[in-house]
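Quick heads-up: the structure tokens below are two forms of one chain, split into structure 1 and structure 2.
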Structure 1
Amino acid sequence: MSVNKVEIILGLDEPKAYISEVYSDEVCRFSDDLSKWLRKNKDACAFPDIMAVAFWLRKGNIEKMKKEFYDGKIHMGRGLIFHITPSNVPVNFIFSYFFGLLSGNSNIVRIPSKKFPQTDILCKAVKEVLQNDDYTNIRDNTMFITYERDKEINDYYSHICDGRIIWGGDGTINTIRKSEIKPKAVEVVFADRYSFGVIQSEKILSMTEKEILNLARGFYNDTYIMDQNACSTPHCIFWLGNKAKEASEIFWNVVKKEEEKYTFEAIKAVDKYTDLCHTAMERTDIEEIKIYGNFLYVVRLFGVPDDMEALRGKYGMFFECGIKSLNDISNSITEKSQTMIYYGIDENILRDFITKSCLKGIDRIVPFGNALDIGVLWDGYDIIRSLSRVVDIRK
């Protein structure tokens, strides 16, 4: 391999495959220390996404996850995990790294060559906290690297790893999969996904103004924060029940009030209007297009289309349609369906829908406002279990 094409941001030239138990004390302490470092650092505090990382890394959260994970069995790491992390979510690589650490592994993390200010702050934080000699095992077994796309380098790291995590969708997965991994190695891949929302329409009509505002704020965080471009961001809202039109009217007018928060550059206006024109020119099932300035476009369809996953917007363009029961959408759910955000629907109804409808998709069902909350259960994987192995000891 042409080593000179790889830039080592942090760590040794080649980590050993140090293996520990999942949620090891060393990793849990390191996580909390890193969290503290970030929360104390002025530069870091300027970035809400870094603060979300810091919040996730803190002791209380990690211990809660550890408790939820514990099943009395022994779980050990697999060895070395090779991470390909996404280029347009600045903080994602840290989550990926910790998924590897918490599952008891050593890690080689490829950080995209396009860097964000967040990248530098987070790398600096990891580097400094790892100088503490309490964390020698982690220090010797962490490597952050960056390189331009290069099959030879992919081949090399894929060949030596015991597990590979690929973020970034279908295209990236197909490219990286051309590099073989060991027969026993495992792979966790995050493919292109589709997400949507369901709201019990009658509930909207009985909500107080403040409650609706909270719902709209949650929706704003689920969508606009990531330019409506994350895999767990909803593109379509289904109005369940008999008050679809009335509820829709109320809801979108409140969402519109969030406009001031969003940075809306001219290019977004053009991109978004272009998308709207595509939709208006191509679709023959449009009941109405509602335009709330350029901040919010809502395209109402006559019914649930078969190609639901083609309904995509950017920077705040949503589709909607009324449904009488959750079963109305089950035919449109495919293996691509990831997150369903919901409001006002009873948990038993949701459980029933998932277990009885024999669906290939929907891996997450979360309330409005939680669509982007990443965790160890993601995209249908229990990531810690996927990256570790269970040791069966019998008496």
Structure 2
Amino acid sequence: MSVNKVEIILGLDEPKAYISEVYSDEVCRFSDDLSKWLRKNKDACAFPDIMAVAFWLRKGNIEKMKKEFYDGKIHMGRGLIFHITPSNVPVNFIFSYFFGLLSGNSNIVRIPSKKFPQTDILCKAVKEVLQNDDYTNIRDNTMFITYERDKEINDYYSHICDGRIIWGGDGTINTIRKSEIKPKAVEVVFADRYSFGVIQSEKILSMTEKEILNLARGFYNDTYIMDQNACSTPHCIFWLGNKAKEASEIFWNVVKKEEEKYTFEAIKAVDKYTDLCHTAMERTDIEEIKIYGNFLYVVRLFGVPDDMEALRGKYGMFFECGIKSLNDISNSITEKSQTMIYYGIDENILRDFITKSCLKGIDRIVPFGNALDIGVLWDGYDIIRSLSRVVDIRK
């Protein structure tokens, strides 16, 4: 491998493949110390996505995950995990890194090549906290790198790893898979996914002003914070019931007020308007386009399209459609459907919908405001169990 093609952001030239027990005490303490560092740092506090990372890493959350995981068996790491993280999400790499750590592994993490201040802050935080001699094992077995697309480098790190995590589009995954891994190595893949929301329309009409504002704020957090780039961000809202248009008008007018705090550069405005023009020219199922100023475009469709996953907006462009039953969207759900965000729908109705429809897609169903809450259960994987091994001891 050509070493000069790889920029080492943090760590040794190559980790030692140190293995520990799942949710080791050292890793759990490191996670909490990193959380504290981020919450005290002025630069870190300026970014909501970093604060979400800090909240996830805190002691209480990690202990809760550990308690839910524990089954009395011995769970150990597999060795060295090679992470290929997405280039368009600045904080994703740190979650992937901790999935590897919590499952007892050493880690080589390819961080985004695109420059983000959040990425720089997180790398600085990890580096400083790892200076603590209590974390020697973690420090010696952590490597953050960046490099341009290069099959030789992919081949090298894939060959030495005991597990590989790939975050990215289908093209990226197929490219990385050309680099072989060991026969016993495991692979966890997070591919292109699509997410949407469902709101019981009658509920909107009976909500207080404060309740609607909280719903709009949750929607803002699910969408605008990540520029609608996250795989779990809803692109289309389905209005369930008989009051779709009335509920829609109330909801979007409140969202319009909430999203005015969104940082909206000129290039985003141009890209969004261009997308809207293309959508208007190409789709024949548009009932109405409503423009709530530069920050918010809403495209209303006549019915549920067969190509639901093609309904993708960015920077504040959304689609919507009225439905009478959840079954109306069943035929449009594929294995690419990831998260369904909901409001005002009974849990038993949601359970029946999933189990009786026998869908290939939908791995998460969460309330509005929780779309970006990443967890160890993601895309249908139990990630910690996937990246670790069970040692079976019998009497």
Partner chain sequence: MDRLWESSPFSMNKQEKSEFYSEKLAELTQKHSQGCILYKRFLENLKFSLNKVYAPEEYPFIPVRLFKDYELLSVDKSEIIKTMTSSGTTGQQVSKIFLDRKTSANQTKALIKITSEFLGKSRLPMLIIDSKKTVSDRRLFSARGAGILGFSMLGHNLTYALDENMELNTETVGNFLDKHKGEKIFLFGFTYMIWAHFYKKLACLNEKFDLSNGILLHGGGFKKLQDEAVDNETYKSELKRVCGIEKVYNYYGMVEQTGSIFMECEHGRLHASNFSDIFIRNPKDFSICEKGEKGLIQLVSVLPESYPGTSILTEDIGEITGWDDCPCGRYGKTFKIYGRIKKAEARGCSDTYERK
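Here, rigid core means the biggest group of C-alpha atoms that superpose within 1.5 Å across both forms. All residue numbers here refer to structure 1's sequence, counted from 1. A quick note: this is a predicted structure, and the numbers were derived from the prediction, not measured.
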Of structures 1 and 2, the form predicted alone:
2
Please report the angle, in degrees, through which the smaller rigid segment swings against the bigger one between structure 1 and structure 2.
9
Supposing the core is put in the same place in both forms, how far has the CA of P48 shifted between structure 1 and structure 2, in Å?
2.6
